[in-house]
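Presented as structure tokens, the chain that follows is alone, the form predicted on its own.
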């Protein structure tokens, strides 16, 4: 496991849910009834009765774009003991991935989720790989019980916003 487990959320980090570009969020192989917003959107993900569930097999491919560049520090992926995710790969700034080409690209980080992770203990990501993140792709390869259905109750992304210049706020300097 190259993503280290953290004991908690570091001071100065924020939940990046407010910086997700919801118009671009995608999840391949999600159940039509138990879809990604159940695990990712604030309010939904705190409801124990709601969850994300895989459809045809145990794999899920989740694409999360951000509305601004972020530094991603850690991720909490909460799920049930049996059907919760096990092997997970994280890809920074990798768009248009599908199940047919996900193995063609080296992941930015990988993890094997423990029981503690499934109960809420965040994974600390490789710091240098997640500095200027415009999007995150999460590939859930399998689950704890090697069953056909994977369930995710909550996904929380922790980090900070990048200090960027608002180009619209700059004034043009006139030549005199």
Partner chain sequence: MVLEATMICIDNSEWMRNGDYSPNRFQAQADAVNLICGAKTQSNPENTVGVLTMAGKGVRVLVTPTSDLGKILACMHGLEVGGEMDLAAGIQVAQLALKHRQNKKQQQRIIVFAGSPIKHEKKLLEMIGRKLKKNSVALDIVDFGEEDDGKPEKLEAVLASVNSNDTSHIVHVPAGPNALSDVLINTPIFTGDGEGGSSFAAAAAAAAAGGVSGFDFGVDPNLDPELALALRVSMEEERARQEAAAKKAAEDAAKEKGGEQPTTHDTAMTEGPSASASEANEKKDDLMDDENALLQRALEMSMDDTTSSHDLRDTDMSEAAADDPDLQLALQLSVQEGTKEGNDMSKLLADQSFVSSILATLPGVDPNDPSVKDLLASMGNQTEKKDEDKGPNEDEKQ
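Residue numbers count along the first chain shown, from 1. Everything numeric in this text was worked out from a predicted model, so none of it was measured.
Beyond the structure shown, there is the form predicted in complex with the partner chain, which is absent from this document and is the topic of what follows.
Novice: Just checking whether residue 145 would be counted as a contact of the partner chain in the predicted bound form - the rule being heavy atoms within 4.5 angstroms.
Specialist: Flag for residue 145 set to no.
Novice: Is there a heavy atom of residue 57 no more than 4.5 Å from a heavy atom of the partner chain in the predicted bound form?
Specialist: The answer is yes: residue 57 has a heavy atom within 4.5 Å of the partner chain.
Novice: Any of the heavy atoms of residue 99 lying within 4.5 Å of the partner chain in the predicted bound form?
Specialist: Close contact exists here: in the predicted bound form, residue 99 approaches the partner chain to within 4.5 Å, heavy atoms only.
Novice: Is residue 29 close to the partner chain in the predicted bound form, meaning a heavy atom pair under 4.5 Å apart or at it?
Specialist: Residue-level check for residue 29: yes, a contact with the partner chain.
Novice: Based on heavy atom distances of 4.5 Å or less, which listed stretch (57 to 65, 105 to 113, 39 to 47, 125 to 133) is in contact with the partner chain in the predicted bound form?
Specialist: Only one stretch qualifies here: 57 to 65.
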